[in-house]
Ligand SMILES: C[S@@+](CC[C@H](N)C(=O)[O-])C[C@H]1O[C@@H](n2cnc3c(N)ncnc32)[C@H](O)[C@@H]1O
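Just one chain follows, in the form predicted alone, and it is written as structure tokens.
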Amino acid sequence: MAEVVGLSPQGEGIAQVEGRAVIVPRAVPGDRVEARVKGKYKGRLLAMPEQFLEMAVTRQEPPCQHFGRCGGCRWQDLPYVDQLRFKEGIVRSALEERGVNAGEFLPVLASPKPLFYRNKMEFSFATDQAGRLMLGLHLRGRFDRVFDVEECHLQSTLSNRIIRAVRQHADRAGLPAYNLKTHDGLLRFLVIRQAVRREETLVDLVVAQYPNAEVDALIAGVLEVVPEITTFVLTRHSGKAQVAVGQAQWVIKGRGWIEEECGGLVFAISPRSFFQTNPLQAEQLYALACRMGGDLQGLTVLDLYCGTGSLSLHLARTAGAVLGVEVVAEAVADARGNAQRNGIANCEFEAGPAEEVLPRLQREGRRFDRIFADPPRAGLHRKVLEALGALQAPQVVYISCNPLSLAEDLAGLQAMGYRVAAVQPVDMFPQTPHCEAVSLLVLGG
């Protein structure tokens, strides 16, 4: 018997058994379980629960028929209010373990929609043991196994219709899925992107060979039964890497991109553009970041890891000048287009790794009144952290999607003279343990 006393940053239960930490999947703090040790997970013992003797939180019936098989929604059996409480606890614990004084710790910001909130989903084609075509998501813990998705509760009902239409037409035509071992076959990925406020939909079908008459017939059949698709793009990916990008692209229907509104701004979303996958919550995230930045009137602002300029353009509406830095050149091109699209002239963008651009800006004597940073999950590069310390901006607003790297970077900034004034978790991914957080750091004081 084990009593679960905490949660890992990945949302798995942690029990203490004979002085050793044991990971217990599907359990939460306060649960008492009988579990059997199955091996190790990231240096800790892994024990699978066989019986729940006592539950700290009453579980609910998951709305999705794929719950338990799918690697996505691990918390669908938890009421949403409890999901929020646990996410808040994960962020708190990460900061406390690293010795970060969080200042004012604000309550977690709930998502406007706990279900059907995603505007992008990527699905894989595969073949089952009977040779039947499959289109869906990966089984939990198995990147080499796919199951048919009948109805996903994270995406829209229209997106579910598109999946079924593509699978049915491909199956009837006898089109083969790409085989990862033999590297033959045709169908690889289906990517669906949607603009919630503008009600536009982009479909990107990734195949191994094109032009191909059978693929053209498949697309025509899907467009006939799902005419709501605004833009249909065909991508040819003949390489061995299992990624939904390719060497060539054709626009079959529409402009090749869709447009979305966020916080009163309009953004173009192409097949490869980065855009927050929870668009309604993204509005709240950007509004929170702007509030933490304070009055930007006439100030010079630096936005690191700016992507396609979503936050940069929000900041530019009140700031004197904004410089966005992003490593992906295509994203920078999109950001410049988005600035022009919204008539914003006081926002510039530079392509390059932050760990190279930021030290150069510091050597050039550039000064910024506010610095915003939204790095990838690994957090800030060491050179970026050092340059931030050297630039000595009065305030830094740090957006993180990983509590562990958040705690590590805040501790590093604290050591450079910054005080963490406020931290607020933001739930961008309901039904999962993942949680973002926005932090305000003030120099000195």
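Quick note: we count residues from 1 along the sequence shown, nothing fancier. On a predicted model such as this, the values are computed, not experimentally measured, just so you know.
What follows is about the form predicted in complex with this ligand, which we do not show.
Residues with any non-hydrogen atom within 4.5 angstroms of this ligand in the predicted complex fall in just one of 74 to 82, 182 to 190, 229 to 237, 302 to 310: 302 to 310. Within this chain, residue 376 lines the site of this ligand in the predicted complex, having a heavy atom no more than 4.5 Å away. Among residues of the shown chain, residue 274 is one whose heavy atoms approach this ligand to within 4.5 Å in the predicted complex. Not displayed here, this ligand is approached by residue 326 to within 4.5 Å at the level of heavy atoms in the predicted complex. Among heavy atoms of residue 89, none comes within 4.5 Å of this ligand in the predicted complex. Among 353, 256, 112, 359, the residue placing a heavy atom within 4.5 Å of this ligand in the predicted complex is 353. When this ligand is considered in the predicted complex, only one residue from 117, 123, 286, 147 comes within 4.5 Å through any heavy atom, namely 286.
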